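Next up: a single chain in structure tokens, the form predicted alone.
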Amino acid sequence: MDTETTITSRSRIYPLIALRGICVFPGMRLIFDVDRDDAMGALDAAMAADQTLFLVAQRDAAAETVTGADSLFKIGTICRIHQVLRVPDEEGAKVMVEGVSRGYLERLTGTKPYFTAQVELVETEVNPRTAVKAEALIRQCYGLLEKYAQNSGLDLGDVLRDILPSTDAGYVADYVTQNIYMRHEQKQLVLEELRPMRRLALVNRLIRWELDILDVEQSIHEEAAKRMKQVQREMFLREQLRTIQAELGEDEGYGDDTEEYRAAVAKADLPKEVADKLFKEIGRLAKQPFGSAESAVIRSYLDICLEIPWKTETEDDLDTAAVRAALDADHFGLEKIKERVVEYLAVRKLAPEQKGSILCLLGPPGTGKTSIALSIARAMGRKLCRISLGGIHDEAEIRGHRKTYVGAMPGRIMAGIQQAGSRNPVMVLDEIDKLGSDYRGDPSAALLEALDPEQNSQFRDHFLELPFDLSDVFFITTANAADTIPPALLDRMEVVEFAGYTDEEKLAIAKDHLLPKQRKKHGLNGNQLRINDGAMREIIARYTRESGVRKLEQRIAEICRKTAAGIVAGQFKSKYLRAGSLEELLGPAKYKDAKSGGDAEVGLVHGLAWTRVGGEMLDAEVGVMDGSGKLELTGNLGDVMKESARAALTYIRAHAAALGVDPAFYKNKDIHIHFPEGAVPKDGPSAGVTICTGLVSALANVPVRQDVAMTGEITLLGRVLPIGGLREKTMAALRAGIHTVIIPAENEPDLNEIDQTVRAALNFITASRVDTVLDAALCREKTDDQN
């Protein structure tokens, strides 16, 4: 123990408040906020007793709660409460305390509802033999504080006046630490030092540390001011230089880049409005101070404007026969789109002033929408730019940002024109049905002007702020479904629908396009890998089931990879695949062979559904049990399908006798209608006849033919209304091995749009009323014979 002090102690239990980032010193007053529940409890307990409590700092000032004695410092301050201020309608209070003495935290005696602690009171007595040393330390502290006040610019007059007459080194150390800036950890070190002389010496060292920091800060400030003064001087001299040049009649340009920009604009063949705008911007650039942010914005604007092909265009290849041959070489089928391109070229040849066209290629994934658009550009000899619109939510992505924004740039349409380097490219807008909208605007609304031939000759991008003629651009958009495209946007486009491919079409595409492409991609030739028609049909029927050919190409690529691996490993030199030999390369078949017919079943009906990826078979199962007339609908059905089921049930109740159904079934039978694959959401009215047929079959115990599929909306009066997606639905029926398809009578004209292979393979029955559907689908005669 230091010889300058004598320490006496005694213990007592106090209410405890944990402080965050602050310390209280004996003999000093402090105002702080109390907001935690445990702190408020300790405050109330102290006020109810002798108004004394123990304040100690947390080791982690950011911690919201106290986890135990280990999370608190051992040395704190026993304080007396002078004033408590509570604000009405607010939690917490402001508290004024005065430190009485240091205290040592021995242990926590309670934690709920507030903290209490056994505290050892620490008192110090000054040794008279150290008075001279204390006076020296106090004077040293006074001098350091004077210098600290001078360097920091703080008013410490009151502090200096209070410590000069004092002879108590411990009091001076506490007073100075309480009233000048120090880190929380430094103040805690001062509080924990129980020897007054050493405490004041520690404070003097901390003040010297702060003075060193102030000196470094001052040097940094002076260096920054010196550099700023130099920049201002250079700007002033450059302004003087520009004024002198103007007085001498020299060019008002300021810097070499303005001359270069003027030469570039003059050399470029630009429309008059564009050239005038760019010269105006160059004039603004010349007036900008050196290094200004505005000059960088103007330079970026000029660079982009000069890269835009305002008058540069390519010449169309108007040889319709050559273009048709090029399209045939790239794609099998797709007659409608090929004829439409040929028609467009013929019109351009006879009427060169004809503006660009806007086509929307609509169909399931994998049917060649994007690839045919790319082929059109190559066949016509035009430049190509492709823009993917899927997931775009910001309207500025289409029309650009104002050039005053940080990081501004043109929209995707003008960026595509810039990339193509031609004012009349083929612009492919992929996945236009996947556009979104949010608080940043609606991108589809921004496309209305661009895709309108009557308006797009004056299209204005927000960044360019200049009109650009888009009327010569050949726009081709692609989409999987039309229902998510805004009607105003869909009205501006000519829709060309893509049907799914039949198995024979897939076979031709695979032989002529997919297999040669994948063989070349994997380094194989026609002798190293051969696949006969039987094997290719097996891949189509048993390993893929889709409207397009994307999965088919993936399976062919898998065969090519494994063949290449076997050749490199020396297992074989070539591979010839026949039907039945695919399992070693592709594994077990994913789909069973399509089966036609089968035993008729009660309550099981084949329906046909349209999805975004093509047509699908949709089975409906109906179960009837004794009960009280409950109707259960399962299979993740939408509201429209549920309404179709209720409409079918009402029709059956109204015609129960004629249908051979117990008229009281709605009282004594429970009905459960289920559509398998319950994880897949299903909705739409076209399952009406399917549900009605299943109900009649289950209620009358009449089996349903399993080689029949059907589609159509039903009404309460038994009418069968037309549906959409007939082409895709009939292809799904053919893939499933169905022989007969029942369709609404009003859809009979749509049969002309169905692929001839499909139409020849299926027997179509048109129905205007439910009676016709039931007569074709139910096996009534067979049931009578059995009875």
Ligand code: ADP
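Numbering starts at 1 and follows the sequence shown. Note that this is a predicted model, so its numbers are computed, not measured.
Another form exists, predicted in complex with ligand ADP; not displayed. Remarks below refer to it.
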{"property": "Heavy atom of K369 within 4.5 Å of ligand ADP in the predicted bound form", "result": "yes"}
{"property": "Contact flag, L334 vs ligand ADP in the predicted bound form, heavy atom cut 4.5 Å", "result": "yes"}
{"property": "Distance check, E239 to ligand ADP in the predicted bound form, heavy atom within 4.5 Å", "result": "no"}
{"property": "Ligand ADP contact at G416 in the predicted bound form, heavy atom, 4.5 Å", "result": "no"}
{"property": "Contact residue in the predicted bound form, from G411, P364, G607, P703 (heavy atom within 4.5 Å of ligand ADP)", "result": "P364"}
{"property": "The single option of K94, K517, R653, R537 touching ligand ADP in the predicted bound form, heavy atom within 4.5 Å", "result": "K517"}
{"property": "Interface stretch in the predicted bound form with ligand ADP - options 452-460, 545-553, 683-691, 188-196, non-hydrogen atom within 4.5 Å", "result": "545-553"}
{"property": "Stretch 488-522: residues contacting ligand ADP in the predicted bound form, 4.5 Å heavy atom cut-off", "result": "Y501, I509, H513, L514, K517"}
